[in-house]
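In the block that follows, a single chain appears as structure tokens, in the form predicted on its own.
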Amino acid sequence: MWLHKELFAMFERMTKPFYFSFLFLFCTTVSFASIDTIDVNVGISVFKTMPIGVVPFVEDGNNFASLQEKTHDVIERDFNLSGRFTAVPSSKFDLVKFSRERAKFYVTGRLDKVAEGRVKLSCYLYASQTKDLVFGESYVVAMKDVRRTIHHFVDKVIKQLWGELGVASTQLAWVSKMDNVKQVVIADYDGFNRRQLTFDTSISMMPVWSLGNADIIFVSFRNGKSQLFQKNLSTGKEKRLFPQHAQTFSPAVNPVTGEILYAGIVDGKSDLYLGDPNTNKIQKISYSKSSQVSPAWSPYASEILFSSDRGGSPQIYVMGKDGSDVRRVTFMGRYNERASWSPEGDRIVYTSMDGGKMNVYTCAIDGSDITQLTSNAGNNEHPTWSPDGMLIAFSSDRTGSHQIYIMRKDGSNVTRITNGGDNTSPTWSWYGKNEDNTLKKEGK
């Protein structure tokens, strides 16, 4: 079993439980496959979803064979993944079917070619009973942007019917094994339009999004030790962060200021530091004889979650943003780590070991109301919340190799968004800017 020698040396100096966690993370040998498929396992949800009809778009001739999927297939998946809707597909408008399924609204539209490589995409939301138009939008976009535009429209439908933002226009970053090397990739939230970001011959890992999604912060071993780097997604420019420390890892971006909380190793022990990525100025915020890793901010950056073995085994703790008022959160189980705060601020999601297997749990911030979301399906790790708090992405080896999955916050509707290769450590982007400035809207 191969392990990068510097990675081995780094975590060997840490406590044995944490070393096991990172050893498990990297010791995989499955090759990468470039084509993804979607695999859905619909569980029983405790949250009610809204049925909504989906009728195929009218297409102008056969000019759209280059599209990855039919427009209505993308919409149907977006609705089912949203955690808010249950899609009711129909080959045409069918009031009887929509009434039987209690779909009070339906979506349809039209796709027309207007110029070489450009199309007009018209999308409409109707009331099923009256066929009254609730709202509609038309866009002229490049063929390659049709899918992104559909995601944008679905988010508009969610805003219209739920009064809240959806996540169809967001993205995920994760770690994928390519040519036997861990690299960072980004993709649409549903796994499509994947793009490789790192091309090193050494390990890249632990990606997180900068505030505003302009950059990815990640860990690289290009210099023989774990070190934080920042890469701009538009220019491709990279820079090393916080060179004061020889070894840095576990970045977490402040949701208010954009500062980076991270773990730095000094004298064989990891502590938490707060750094400004623009100036590289840092300050230490945790003081303990034990190691602290995997920090995560609360939604308003007033408190910090982290993992520590100060009680004898890895557990999750919370403290103030200045390192004060440290409290233990998890007490059930001897191995709990990698916690993150829900956007609502009322719950955390984390990984716990059960009988030698890793599973995903949620609990209230005081450690009560523990809910197990995964079970009897391999190792399930690295949970990350969607920015609306409705979904959780995670990695699992339930099919043999590690793949990325999305589930609702109650553990239902588990959907695989990668297929083949080895994919771990997903992290969800923040809400981005309104896309109206990049999509030419023709009218309502």
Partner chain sequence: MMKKMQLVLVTALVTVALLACAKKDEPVVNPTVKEAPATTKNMSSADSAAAAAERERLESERLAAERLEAERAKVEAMINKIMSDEVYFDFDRSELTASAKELLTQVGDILLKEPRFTITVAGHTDARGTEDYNMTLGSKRSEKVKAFLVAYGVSSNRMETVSYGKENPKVEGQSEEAFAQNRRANFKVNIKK
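Positions refer to the first chain, counted from 1. Please read these numbers as outputs of a predicted model, since none were measured by experiment.
Not pictured, yet referred to below: the form predicted together with its partner chain.
Decide if the three candidate residues Lys177, Asp309 and Glu337 all line its partner chain in the predicted complex, where lining means a heavy atom within 4.5 Å.
So, yes: the whole triplet contacts its partner chain.
Quick one: is Ser128 in contact with its partner chain in the predicted complex, heavy atoms, 4.5 Å cut-off?
No, Ser128 stays farther than 4.5 Å from its partner chain in the predicted complex.
Check whether Pro314 has any heavy atom within 4.5 Å of a heavy atom of its partner chain in the predicted complex, and answer yes or no.
Yes, Pro314 sits close enough to its partner chain in the predicted complex that at least one of its heavy atoms falls within 4.5 Å.
So in the predicted complex, is its partner chain close enough to Met353 to count as touching (4.5 Å, heavy atoms)?
Heavy-atom contact with its partner chain at 4.5 Å: present for Met353.
Is there a heavy atom of Ser286 no more than 4.5 Å from a heavy atom of its partner chain in the predicted complex?
Contact with its partner chain, no.
Specify the contacting stretch among 120 to 128, 73 to 81, 264 to 272, 316 to 324, defined as having any heavy atom within 4.5 Å of its partner chain in the predicted complex.
Looking at the partner contacts, the answer comes out as 264 to 272.
Of Ile304, Ile260, Val293, Ile348, which residue is found within 4.5 angstroms of its partner chain in the predicted complex when only non-hydrogen atoms are counted?
Comparing distances to its partner chain in the predicted complex, the residue within 4.5 Å is Val293.
Find the only residue in Lys156, Lys231, Arg147, Lys225 having a heavy atom within 4.5 Å of its partner chain in the predicted complex.
Checking each option against its partner chain in the predicted complex, the one that comes within 4.5 Å is Lys225.
Do any residues of 180 to 194 have a non-hydrogen atom within 4.5 angstroms of its partner chain in the predicted complex? If so, which ones, in sequence order?
Stretch hits: a single one, Lys182.
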